[in-house]
Structures are given as structure tokens and as C-alpha cells.
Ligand code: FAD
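Quick heads-up: it's one chain on its own, the form predicted on its own, in C-alpha cells.
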């Protein structure tokens, strides 16, 4: 009798951790495991804002998959997923197809422009290692050209950030760390640089405690960031953005050399395009993370939506939840293969921390509010803990943020 084939689509937080945990939960004779990803590396999505600002090199955010998984236990296929054929239990890839007995969909997210005119063409989005690198290179080019290009304008030094959620605020924190270095390197008066954040809500960091969110806003404002709250980007152009304040009919034009959109993401389009029933593009899974219409398909991470028992709102899509989903799913796959009852997924929040650059942050950890350097240190602990779970001490020593040596 042949071994069941387990196929994992995507090597983000959910997919990567599922592969690593399945190695530990299953014996070699229990199943054949295959991980499919379009890149040969896994990257820390929660570090991309640092790479985009240029405070860390983009290579530090990523790690080769072959160096994390046991390739004797998990087969890695570098390819792009095209569609999922549930009826025939096959996944179409760019360079072929792959059959499965159990499928784990962990395809992650895509940037969501909400139909804003010109945004896709004229704004950057922090969604991958390559896009983060492009943002860093673009910003540095604008600074490098300012004193050397006769056509350079003061507005070339203006950076507009769309959105004041977690990604937007963390990116702003890195920018205020990075800009002084760029000004010094390219002999630019720091007063000529403008950083403007445009947010539709009347406050920043909607999921966070209001006191902590205000701390973050005050800190960033003290570093020169201008917030335009209750204001919406209506159009992005090659010259900047056009914005409109809530309850106003007037459009304001902000000229900028760089526009970065952090205002929203959506689930990967492949499940919906493949005929899955979705909730706002996401696969709404059962309590054991299965697709309701097929007991052999599971979903984790940004492509899945999970509702707590008797709750009206789902769990938020965070790396922390994706990691816990992966741990639960690996156990459930083992239960299924052994004919045992599965376990319901229950999210156990351990806290959330938002970085504001290298030495500042805010957060709540085990119901304790943290700000400043203690919060920044805790952020590094959280990041390194994930590396420890993924690849053990060697990965922490190679990629970790705390100085353990």
C-alpha cells in the first residue's frame, strides 16, 4: 500500500511551519510530504518593512528552504501554483502538476488596492523581498539624485505612506531611523525631507490599545512624520497622490517622489479562481482547519479565515495565528492518518508588539503594556523565538536580532 501524499502549497509562516512540524509529528513511513513554493527561500514577512526602508539588508529577511527543512523527509518543489483541481486531487503548476491525498493551502496574501485609481501603477507595496528591495533602491535613488540631477525637485524627497495600520506604522518607524543616514550620506538638509501618512480612520493602529497607539503617533510626529487622519487616497499619479478628507468634497494634491501603499491585503486569488467557496476571498475553514466541502483539504495563514466558537468576527490574519494554526494542523494530520479524533484550533494570544524603529516599540505581552526600549527588546525576542521554532539555535545565531554571541 502506497503512502498518502501530503502537499503543502506556499512557504510563508503557515506553510513553512506546517512542513517543519509534520517532520516532527510523522514518521518517514507515515506519508510523503511535498512543499511547493515559487521561490527557493522562506522570508520573514514581518521584517519586510525594515528591508523596504533600508535599515536591514533584504537578504537578512530570507532563508533558503533547503537549509530549514529536512530534505530527506520533505520534498521541495520550486514552482508556481496555477490552480487546484479538487475533483481529481491535482494541483496544476507552471511546469507540470502534482497529485495529493491531503492538501494544505497556505498561499498567503496579495496587495489590495481597493480599486483606487492609479495605485497599482504609481505606488509601491511591501509584499515580498523583491518589492521591499525596489522600495529601498527607489528611495535611495531619489536622495542620491537630488543634488546631482538638474531636474530634481524638493518633492522628490517627500515620501507618502498610505495606511496607518501595523505595516504602515512599522515602516514609518524604520523610515525615521533611516532618513538621517541618507541625508548625511547625500549631503541633504533633513528639513527638506517630508514623510506624510494618509489614513482613512480617525486614529492610527486600529487593533491596538488607544494609549499605546497614541504613544506611537506622538513618537513618529516628534521625528517629523505628518499624519493626515480621516483622509483617503483617491488617486495615485506619477507626481504623487490626490487625497480627500472625510466629509469634504475638495481634493488635495500631495506631490511626492515616493508613494508606498500599506493600506490593505487580500487572500491569494487561486482558491477562489479554482472554485472554492470563500468568505471575502478566504477559505472559511472548520474548527480543525478543514475546507468544509472536502475533508482532504486544509487551509492556514492569510488564505484562511477562522471564527472562534460562537464569535461573529474571525481571528485577525497575523503571523502568530498562522504559526499556531500550523502546529495544530500538523497534529491533526497525524491524528487523521492514525484514525484518531482531530483537535479544534484554539488561538492562544501571546501579545502583539509593533516596532517603531530599532530602539522604540509598543505592545501588549501577556496583558502587560510595553513602550520604548523594553517593547523593542520584546519584539526582538518574539522574532527570534520564531526562528528558534523553525530552525533551532543555528538559525537564531545566523538570522536572529538579539546579540547572543
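Positions refer to the first chain, counted from 1. This one's a predicted model, so the numbers in the text were calculated from it and none came from an experiment.
This next part talks about the form predicted in complex with ligand FAD, which is not shown.
Novice: Kindly confirm or deny that 64, 357 and 380 each have some heavy atom within 4.5 angstroms of ligand FAD in the predicted bound form.
Specialist: Judged in the predicted bound form, none of 64, 357 and 380 sits within 4.5 Å of ligand FAD.
Novice: Would residue 80 show up as a contact with ligand FAD in the predicted bound form if we use heavy atoms at 4.5 Å?
Specialist: Residue 80: yes, in contact with ligand FAD in the predicted bound form.
Novice: With a cut-off of 4.5 Å between heavy atoms, is residue 39 one of the residues that contacts ligand FAD in the predicted bound form?
Specialist: Residue 39: contacts ligand FAD in the predicted bound form.
Novice: In the predicted bound form, does residue 365 have a heavy atom within 4.5 Å of ligand FAD?
Specialist: Contact with ligand FAD, no.
Novice: Heavy atom to heavy atom, is residue 11 within 4.5 Å of ligand FAD in the predicted bound form?
Specialist: Answer yes; at least one heavy atom of residue 11 falls within 4.5 Å of ligand FAD in the predicted bound form.
Novice: With ligand FAD left out here, work out from 221-229, 310-318, 249-257, 142-150 which stretch has heavy atoms within 4.5 Å of it in the predicted bound form.
Specialist: The contacting stretch here is 310-318.
Novice: Can you work out which of 68, 56, 353, 31 has a heavy atom no more than 4.5 Å from ligand FAD in the predicted bound form?
Specialist: Contact residue from the list: 353.
Novice: Between 175, 204, 107, 236, only one gets a heavy atom within 4.5 angstroms of ligand FAD in the predicted bound form; which residue is that?
Specialist: Going through each option in turn, the one that passes is 107.
Novice: At a 4.5 angstroms cut-off on non-hydrogen atoms, which residues of 166-200 are near ligand FAD in the predicted bound form? List them in order.
Specialist: 166, 167, 170, in sequence order.
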